[in-house]
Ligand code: AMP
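First, one chain by itself: the form predicted alone, in structure tokens.
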């Protein structure tokens, strides 16, 4: 059994329905049980006349199996979802609600979210409970030929998150690529590490369904505990490791321990794969395939892929990020990477000016100007740098201007600027330099106050790891904050 993304329904094939589909920390679901729970959610929506909802819904939770059953139910119902993890602060969730006009929250936790003017439904297996009910808007027109699957919010330079809209066609091309070109089979077990609100998770969330394999969910407490994660990988024979390179560094130092013997594939995305890490894994896991991939959220997770072989290691440092996926094209325009194809997003939700700048048509196909610099060599793409003030840290895409905007909103801050510190071209930490308003005495208390304020509006991975208080903000000849001088000032602190 597997899920057909073209028909938006389950299809029978030679794989037994008793094979495990989902494993979370409380229970396991066979493919038969998975299908039953998905259909149960669909039936509940139809019985309540909710199957023609006009607005996307917020899907709130962490690593519960219900998050996955609900995703597949909403795909069947052709209702778009917005994954929101419990780590998100209230202000960020409210910002998302405001951008989208969300009217329904599907909650997979035990605690109500209590967003104003929303219907809130709790889902636990086959059980449904309305925490609250408000008026909903329903579509009066037929569903679009290419309906939205999800909207994932990424960091925005204005201080407001951007909603990337991914459609059915984009997901179909992505899952076909996973099925046909990566060598995965129904016997594989995807090891989920990324949060569902981070697009890296789409690799396993969608691929396990398309292939008919198994998805092993690991909560934040487990992924932060190497021993606990290794134990789960060994117990459930995890075979496909999907993560950012940064996350895997700890495990590469551990080496080819028995708990990881079941791994057959390492799949990396979200940031640069260091040559040394790939070489270490290649040496330690001789029977495993190491995939390096590249792609922004706006192009449905990834657009290029290459298997890192001994030949690749010998020929290239830095490593290539790969060959374009079928029916997708990579162009280099003024050193900027441009992605063309059906996997490209239809744009940011309610951001027409930004869409006009970033999304274009090339030969009648959707195209996205990534803001990444790169070059083509030997038919493969190589990533070199960002063209703007957006960076990647631990796989998360972060607009430094968004952090700066939040700090500047604090009443005792006169001016702030946020910079990324790099080593060998890779971002290692984010720091903010802050000029305080006059007569602010204790910098220690101020630092704690800034952190507390940011925690209310930004996820943990966007909180700067350090702050330096300066008497004057250095400016360049254009009257803008001088980033190079700020870095020098910060590094001279000792």
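Positions refer to the first chain, counted from 1. Bear in mind the structure is a predicted one, so any value in this text is a computation, not a measurement.
What comes next is about the form predicted in complex with adenosine monophosphate, which is not displayed.
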query: When you measure heavy atoms, are 269, 383 and 386 every one within 4.5 angstroms of adenosine monophosphate in the model of the complex?
result: yes
message: in the model of the complex, is there a heavy atom of adenosine monophosphate that lies within 4.5 Å of any heavy atom of residue 392, even though the partner is absent here?
response: yes
- prompt: Using heavy atoms and a 4.5 Å limit, would one call residue 292 a contact residue for adenosine monophosphate in the model of the complex?
  reply: yes
Touches adenosine monophosphate in the model of the complex: residue 78 (any heavy atom, 4.5 Å): no
Contact flag, residue 172 vs adenosine monophosphate in the model of the complex, heavy atom cut 4.5 Å: no
Segment assignment from 257-265, 126-134, 417-425, 294-302: heavy atom within 4.5 Å of adenosine monophosphate in the model of the complex: 294-302
query: Which one, 397, 92, 366, 179, lies within 4.5 Å of adenosine monophosphate in the model of the complex by heavy atoms?
result: 397
- prompt: Which of 199, 204, 188, 402 has a heavy atom within 4.5 Å of adenosine monophosphate in the model of the complex?
  reply: 199
task: Let me know which residues along 47-65 have a heavy atom within 4.5 Å of adenosine monophosphate in the model of the complex, or say none if there are none.
output: none
